[in-house]
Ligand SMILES: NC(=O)c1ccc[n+]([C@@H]2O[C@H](COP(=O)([O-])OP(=O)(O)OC[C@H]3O[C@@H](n4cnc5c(N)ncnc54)[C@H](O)[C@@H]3O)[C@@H](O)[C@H]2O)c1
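First, one chain by itself in structure tokens, the form predicted on its own.
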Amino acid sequence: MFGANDKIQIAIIGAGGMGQGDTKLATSLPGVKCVAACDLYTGRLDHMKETYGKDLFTTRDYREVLERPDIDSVIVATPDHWHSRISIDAMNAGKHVYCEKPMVHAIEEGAAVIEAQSKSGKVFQVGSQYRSSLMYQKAHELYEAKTIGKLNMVEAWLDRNTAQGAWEYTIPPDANPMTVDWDRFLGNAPKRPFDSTRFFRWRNFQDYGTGVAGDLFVHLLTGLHTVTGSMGPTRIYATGGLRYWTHDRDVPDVMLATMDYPESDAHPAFNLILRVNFKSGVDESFGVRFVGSDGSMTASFTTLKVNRVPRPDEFDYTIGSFAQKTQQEMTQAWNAKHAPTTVATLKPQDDLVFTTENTAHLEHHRAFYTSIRDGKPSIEDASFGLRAAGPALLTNESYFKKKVCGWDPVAMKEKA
């Protein structure tokens, strides 16, 4: 266990855009120092030395990082198909692990990650920062207080309108088999000749990434589960297609999914609608909208809007075509069973708006290193990570196989 003044020394494994961003945030926290970096492109290792000093240890082989006794924790920000293998190896080597989402490339990998976390006793945290967002924590508080009544539906979306948002990442001019360790990159993926597009734009390909599902649906599900306390859905269906970004990719750029959430101790049964569109016509837009019997609330990273809509306070049966005597009898019977009005009590709570700065990513890293120092479980452990990743990855199976998928949220397994 680390004391408050002890330095936690970390290494980044996968020093691309997300990995370097994670490292920058982590080292902005007191007592966290980056001492090693692993990547398969020479240019990124050179940049890490430029950023963190010429003494920074760099390598293309992550196993050399895990062998170092001076490293306490690693950030795993590789392509998705390496997440589980490196995370398991790191925990078995005695390292704490911050693993970028999705936790796994395939659902079947999840049980081994959970087992490694349990056996090693190391802190493992998935990097979906919705879990640490102040707005989603506030939404959870309001949800628990029944602010919007009984939940019946959730809409969640994450739309983009840029090339970078559509994973068309820049390919450096010096990308070649000498500067890129192509064979190590492939790992357990199918063998093929060097392809710089596949290396630098790996999210576009099923062999290495998980598409919209793993990159974005996992975020939305993490936010939903944080607010409601849900373990997950039981029924999943997805559709979509290649609509605008049709070149050099085999995953959709438009995807829609629906999920059925069963009744549980934490929430009533409800339905979820997910959406991602990479040519949306507007700047990036994302949020999760919770719809209940008494109103709705919509959460982003910086804003939470609550709109309370009272239930009808007047007799609203469609009785106009009935005889007057029947209308009077039915109206009197209704009035005898209902309070006069709820508008006065609900009005002060209508249209609540909460705002904050977007510090979720930083707070997520802070939570991870706090867990290491305090010797406590992380806020997004391997089980939570699989309960978000599993249903998300099943949207891929539904899309590609054109079928409805079943999921057991308790056992964390696909079911027939």
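Since we're looking at a predicted model, the values are computed, not measured. Heads up: residue numbers just count along the shown sequence, starting at 1.
Below, we turn to the form predicted together with this ligand, even though it does not appear here.
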Any idea which of 266-274, 250-258, 288-296, 94-102 reaches within 4.5 Å of this ligand in the predicted complex, heavy atoms considered? 94-102
Of these, R68, K49, H361, K33, which has a heavy atom no more than 4.5 Å from this ligand in the predicted complex? H361
I need to confirm a contact call. Of G232, G240, G127, G110, which residue comes within 4.5 Å of this ligand in the predicted complex, counting heavy atoms only? G127
In the predicted complex, does D39 come within 4.5 Å of this ligand, counting heavy atoms only? yes
This ligand contact in the predicted complex: L134, any heavy atom under 4.5 Å: no
Please run the contact check for I236 against this ligand in the predicted complex: heavy atoms, 4.5 angstroms, yes or no? no
Heavy atoms within 4.5 Å of this ligand in the predicted complex: does L394 have any? no
Residues in 241-279 that come within 4.5 Å of this ligand in the predicted complex by at least one heavy atom, in order, are none
